Ligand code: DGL
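In structure tokens, the next block holds one chain alone, the form predicted alone.
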């Protein structure tokens, strides 16, 4: 047993979408989340910059005495996991991409046309496509960068006609031209617009990286016998820019009032 908290981080608010699954599956676990809202989005930044930012955030979480670090960001998962594991060899570090690719590969049928939508950084890294094709040689994988989605989500523009128009701009031709039947939300922000995507493309089978990350956390803690016996204290949420939108989206995603959580500003000497 290990009652220390689990550390999560993301380039912004999106990584919080994994946490309701954790709370449901592992109610005794305490969460410390960091969203780098001042520097989001990461998708257009260089791998070196993303790695540097990730090291800063991981240092912060380690100082908080976390027992595990969960990279709740597909962009970071695509470029920074090896360096983080090298720096912190004694701390389990889980990314988004491999758990999601494993689940997709297990479920889809032969000759399936799989679409990956993600940030430009994740798409350029090609890790999703590589992971899926390593496990399944009988499917077709296509990727589409959707750089405008994260900034809109961070501004709280979610269930809105502007979001619908943006989704259609990116996906109409992509889905039609590639005959996409399965869509992977390759960014932890995107589950926040899953309703919009379902409404516009009701026939799609959709996979969320947020849910698969939570499953991977449960499996890792079980295998390492690191499950918490009792939750000690409030869940903590930090941001490099503590905006009203950040707080409002946390409340919306978790279905909790801010008074039940510890929410604070932490700039990491940015």
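Remember, it's a predicted structure, so these values are computed and weren't measured experimentally. Numbering follows the first chain given and starts at 1.
Absent from the display: the form predicted together with the named molecule. The rest refers to it.
### Message
Using a 4.5 Å heavy atom cut-off, which residue among 240, 40, 208, 54 comes into contact with the named molecule in the predicted complex?
### Response
Result of the distance check: 40.
### Query
Just one stretch in 19-27, 242-250, 6-14, 257-265 has heavy atoms within 4.5 Å of the named molecule in the predicted complex, so which one is it?
Of the options, only 6-14 has residues within 4.5 Å of the partner.
### Query
Would residue 100 count as touching the named molecule in the predicted complex under a 4.5 Å heavy atom rule?
No, no contact at 4.5 Å.
### Query
Heavy atom to heavy atom, is residue 150 within 4.5 Å of the named molecule in the predicted complex?
Close contact exists here: in the predicted complex, residue 150 approaches the named molecule to within 4.5 Å, heavy atoms only.
### Task
Pull the contact list for 107-132: residues with a heavy atom within 4.5 Å of the named molecule in the predicted complex, in sequence order.
The stretch touches the partner through 119, 122.
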